[in-house]
Ligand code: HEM
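As structure tokens, one chain now follows by itself in the form predicted alone.
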Amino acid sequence: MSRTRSKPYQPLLLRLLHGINALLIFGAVITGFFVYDSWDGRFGRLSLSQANRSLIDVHGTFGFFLFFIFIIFFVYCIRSGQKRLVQSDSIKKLTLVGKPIWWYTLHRIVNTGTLVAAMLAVVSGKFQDENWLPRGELNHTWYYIHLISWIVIVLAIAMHLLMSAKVGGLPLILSMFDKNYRPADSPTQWFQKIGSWLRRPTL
């Protein structure tokens, strides 16, 4: 498939995993807010919905699917997306304030932070009991951690979008929605690539 060299290219598997994770995270963030707004609200509320057990169920459904997709995405990021994450010389490059590499380094740090924030949300969500809120039990440690993770993931997503716009602009953002892919990224190659990820030693 023909492509212009100036246009950023993202691996097809990255686009798919990133897109599915984004949809699930947005769904979990939105439903998570409605759960808090209707069942808790002690730190402020908008009263956009009434306490309804189905809200907890919907939020849990997003979390359930996100748990499995995120594991795959995390492995992909560690195995094949290292260049988009924090590097061993990232601290040194942060001294080059204002230069392009400084912005790229910040972008990698934000990418890593977003990944960690999502992990915190997913892990803390697995320790939730769906009966805590209906029973009025709002002071469990894991519930507090999950509330904090909601705030962190919202901030991380905002920073991720801002840094992506700063580093690559609209072309970089649109490249995540491109339908075209190179022959090496064909879905027929995915099983072979996944096998190489699992066999590759970690750094």
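Being a predicted model, the structure only gives us computed values, none of them experimental. Sequential numbering from 1, following the sequence displayed.
Just so it is clear, the following notes concern the form predicted together with this ligand, a form of the same protein that is not shown.
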Which pick from Leu138, Ile173, Ala51, Leu46 sits with a heavy atom within 4.5 Å of this ligand in the predicted complex?
Ile173
Of Ile71, Ile101, Ile91, Leu85, the one that lies within 4.5 Å of this ligand in the predicted complex (heavy atoms):
Leu85
Evaluate Leu147 for contact with this ligand in the predicted complex, applying a 4.5 angstroms cut-off between non-hydrogen atoms, and reply yes or no.
yes
Any chance Leu161 has a heavy atom within 4.5 Å of this ligand in the predicted complex?
yes
Give a yes or no for Thr114: in the predicted complex, does one of its heavy atoms lie within 4.5 Å of a heavy atom belonging to this ligand?
yes
Any chance Lys193 has a heavy atom within 4.5 Å of this ligand in the predicted complex?
no
Contacts from 109-147 to this ligand in the predicted complex (any heavy atom within 4.5 Å), listed N to C, are Asn111, Thr114, Leu115, Ala118, Ala121, Val122, Gly125, Lys126, Gln128, Asp129, Glu130, Leu133, Tyr143, His146, Leu147
